[in-house]
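In the form predicted on its own, a lone chain appears below as structure tokens.
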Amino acid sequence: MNHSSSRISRIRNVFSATEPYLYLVPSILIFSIFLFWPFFKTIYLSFYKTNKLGQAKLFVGIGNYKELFQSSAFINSLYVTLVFVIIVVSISMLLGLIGAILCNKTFPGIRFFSTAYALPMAIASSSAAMIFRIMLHPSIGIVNKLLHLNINWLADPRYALVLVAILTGWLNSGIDFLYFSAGLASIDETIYERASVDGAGPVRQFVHLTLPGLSPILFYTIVVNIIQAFQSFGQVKILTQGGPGDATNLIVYSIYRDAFFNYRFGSAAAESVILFVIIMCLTLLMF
């Protein structure tokens, strides 16, 4: 009897120890199907030449990677993406921070302005891109009419990348606004009062109190914005399709074009792995 009781007790102890992990099984299965399997499949395909159906046919080792780094088009894509990311992150964080500071005080209509600043996060990139495209149209667009110009903005390599980056930065600014608003709300107001008594003006308060108080949020938003900027696709597809020339051929669009237009799935997989490594290294560097 005692032996049976101790055995039941051991079974219960084992179950108690494993029970929390059992609740994770559904999530692990979903992640395995939709995240882990595609990730390792992509790495696998990056070492092969494929047919038009994306099936691995010829093992080439790191041949796809060598080919990419010897390709001027891919090197240009990396450069364009880097410039794009810098512009997007700068614009999105600046707009989000300015909006959060403006809405940090209570005044009539604050809810309307807060909603307006946060609105970009609720707008699909494809919808925003279509509206932006109409606004920049050379003949009927409001931008040319207001500025009294006749420029085909999206067909000019001098402006195309910057304009796509401005749209992307604005789309990302909504979530940044919410992050910064939460960060500002967590800063104790009394420190500003003490600083004012000590003679600190708005600029000194911002530099020495606001920015240090927002440092954890700033770090988080920089990482998130960099990742989002590297993954931008919809607005490029709708506005420029990588053009004019390769002026807006971001690495994500290059992956899409190689896979679904040129049917070079092995090369596209190698580009995906390189993109993953770049984002991972940047994130680790910032940490």
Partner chain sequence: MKKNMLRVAAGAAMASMLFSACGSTSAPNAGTSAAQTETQTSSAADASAAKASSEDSSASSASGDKTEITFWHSMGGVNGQALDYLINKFNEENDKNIHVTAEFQGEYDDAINKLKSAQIGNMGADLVQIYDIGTRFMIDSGWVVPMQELIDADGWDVSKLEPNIAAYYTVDNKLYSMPFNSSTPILYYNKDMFDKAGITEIPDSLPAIGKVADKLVKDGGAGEAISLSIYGWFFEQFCCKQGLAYVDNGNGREAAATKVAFDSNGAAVNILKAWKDLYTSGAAPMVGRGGDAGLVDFSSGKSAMTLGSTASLKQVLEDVNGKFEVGTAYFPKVSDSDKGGVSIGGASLWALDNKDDAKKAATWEFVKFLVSPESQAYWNAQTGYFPVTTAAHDEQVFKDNLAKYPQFGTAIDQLHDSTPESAGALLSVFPEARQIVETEIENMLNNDASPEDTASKMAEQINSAISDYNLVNG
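The shown structure was predicted, so the numbers you read here are calculated from the model rather than taken from an experiment. Residue numbers count along the first chain shown, from 1.
One more form of this protein, predicted in complex with its partner chain, exists but is not displayed; see below.
Shown alone here, N262 lies within 4.5 Å of its partner chain in the predicted complex, counting heavy atoms only. Within this chain, F69 is remote from the site of its partner chain in the predicted complex, having no heavy atom within 4.5 Å. Although the partner is absent here, N150 lies within 4.5 Å of its partner chain in the predicted complex, judged by heavy atoms.
The shortest heavy atom separation between T50 and its partner chain in the predicted complex is within 4.5 Å. Scanning A155, V83, L184, L95 against its partner chain in the predicted complex with a 4.5 Å heavy atom cut-off leaves one residue, A155. Think of it this way: in the predicted complex, its partner chain has a heavy atom of just one of I140, I110, I75, V207 within 4.5 Å, and the residue is I140. Residues L53, G54, Q55, K57, L58 are the ones in 53 to 76 with at least one heavy atom within 4.5 Å of its partner chain in the predicted complex, listed in sequence order.
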